[in-house]
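Coming up is one lone chain in C-alpha cells, specifically the form predicted on its own.
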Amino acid sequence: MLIRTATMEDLDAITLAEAESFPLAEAATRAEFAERLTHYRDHFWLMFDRDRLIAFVDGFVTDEPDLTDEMYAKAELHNEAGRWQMIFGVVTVPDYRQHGYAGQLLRQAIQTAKEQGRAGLVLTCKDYLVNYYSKFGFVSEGVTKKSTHGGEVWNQMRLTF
C-alpha cells in the first residue's frame, strides 16, 4: 500500500471514494473537494492499492479550537500556521474496510500534526465511533452544538499533544 498526500489529479478518485462511503447529505461534493485541494492538498493523506484509492483522511488547519459546519464549506479558512489540525473525513471504500487502513492514515495525520508543532487534532463523529477514535488518543467532549452537518448529531473529539 502506498501512502501519500494529494494532488489535483486525485480529485475524481477522492470524490468517488467519498460518495461510496457517506450518505449523500454528509458527502462532500466534487466542487468542495476541488476547493479543499486548492487550499490544503498537503492535509489529505491518501492510501492506494496499486492505482486504486482505497482510503483517505482530510482536514484543514486553523487556530479555532472547535470544528464547525462553516469549515467544511469554506476551504479558504485554512491557516497553515494554525494550532489545530481538523479532520473532516476518515474514508475507506467498502471493499477495503476492516483491515486497519483508515487507522494507518489517521496515525499518519497524527504524526504529521506532531511534526508540524500543532496543539493537536479535532474531529467529530457519531456515537458508535467514539470508542474507535478513543483508541488513537482522542477524548470525547460530548455532543457539539457547532456542527449539525448532514442533519446529524456529532460528538466532538480532541487529541491534545
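Keep in mind the model is a prediction, meaning the values are calculated, not measured. Residue numbers here begin at 1 and follow the sequence given.
Not on display, but discussed next: the form predicted together with a small molecule.
- Taking the partner from elsewhere, T62 is found to have every heavy atom lying beyond 4.5 Å of the small molecule in the predicted bound form.
- For L129, a non-hydrogen atom is located within 4.5 Å of the small molecule in the predicted bound form, even though that partner is not displayed.
- In the predicted bound form, G117 stays away from the small molecule, with no heavy atom inside 4.5 Å.
- Under a 4.5 angstroms non-hydrogen atom cutoff, the small molecule in the predicted bound form has C125 among its neighbouring residues.
- The stretch among 90-98, 109-117, 37-45, 63-71 whose residues place heavy atoms within 4.5 Å of the small molecule in the predicted bound form is 90-98.
- Contact check for A13, F33 and H149: none of the three has a heavy atom within 4.5 Å of the small molecule in the predicted bound form.
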